[in-house]
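As structure tokens, one chain now follows by itself in the form predicted alone.
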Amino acid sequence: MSAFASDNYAGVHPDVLAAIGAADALGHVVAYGADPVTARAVERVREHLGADAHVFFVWGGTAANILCLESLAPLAHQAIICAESAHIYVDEGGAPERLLSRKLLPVATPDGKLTPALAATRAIRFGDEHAVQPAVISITQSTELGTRYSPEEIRALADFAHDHGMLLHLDGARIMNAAAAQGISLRAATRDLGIDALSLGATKNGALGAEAVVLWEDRFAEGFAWRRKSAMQLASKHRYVAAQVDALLTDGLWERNASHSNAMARRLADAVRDIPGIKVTQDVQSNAVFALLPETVREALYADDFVFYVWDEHTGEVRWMCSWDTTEADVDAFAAAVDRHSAAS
């Protein structure tokens, strides 16, 4: 199988596996995060995101998002503004509504990105007891369409949110890809832009299964330890989760992995862009390529054991994801197959 379906398909980076092994070699240590590996990982995150960061490791990205949103919108009548393509709206199985009982207010966007003007269409009826109250704007960086916000765009959204008494959450499942593509630090891509809560993704960039909730203000972190526990996200053998994030944030591994997957996506887009019948639909700004291609070509690629998803069932648009371990040979073989089957269709 040659997988361009998701960066979740990729294996674990050897340095991350080594960090897990090193954590295991300690033998018996205190459970539930009261161990030296977790303490070191928390300090590592703070090195990147600020000494005032409250850091909580969890297993999965959906949990990180829900816990962030609950911290920012603790009341049942509060609501979250998000893009119509947002992972929290499309791909989390209704978890925000089920587990938080918070209404999501989706906004249609052409490229997966919210703007203050778009958010303003949902930031209404403040003080009206008959309507849910917009409390949080949630954005994804890089977006579900592979596009990315500029620092200026995120700052504008943060200012808009704060000016209207709201807060800004960043779903950073691929924040490392976005920061690497822009050549900026993780802090410059998040905290310095006015983000109030960050879901710091690691799994898609070479980890086994590790994410982090990062909150900077004490008021949002208050009670979070119990919130995480009741959400079934407090790992007993916590050191193995923390070690993964520590490894990615050490010696620039996060940036090398993300830069590589971004480069492979650009290579793929460049290779298929001029093939007749193929249309790259989104600007390639991270590690994702979105394209339209004939159904006959898609089925022929599946028959060749290339794996990828149809993103939009109505238009037939597909998504091709590259990973930290995608090789140039992988990309070239896939592009050659696209070319071959397109010529035959």
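This is a predicted model, so every value here is computed, not measured. Don't overthink the numbering: it's just position in the shown sequence, from 1.
The form predicted together with another copy of the chain exists for this protein as well; it is not shown, and the discussion that follows is about that form.
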| property | result |
| --- | --- |
| Contact test, all of R148, Q285 and V310, partner another copy of the chain in the model of the complex, heavy atom 4.5 Å | no |
| Touches another copy of the chain in the model of the complex: A225 (any heavy atom, 4.5 Å) | yes |
| Another copy of the chain contact in the model of the complex: R122, any heavy atom under 4.5 Å | yes |
| 4.5 angstroms heavy atom contact with another copy of the chain in the model of the complex for G60 | yes |
| Contact test in the model of the complex: P106 vs another copy of the chain, heavy atoms, 4.5 Å | yes |
| Candidate stretches 153-161, 254-262, 183-191, 130-138, one within 4.5 Å of another copy of the chain in the model of the complex by heavy atom | 130-138 |
| Those residues of 3-24 which, in the model of the complex, come within 4.5 Å of another copy of the chain by heavy atom | A3, D7, N8, Y9, A10, G11, V12, L17, I20, D24 |
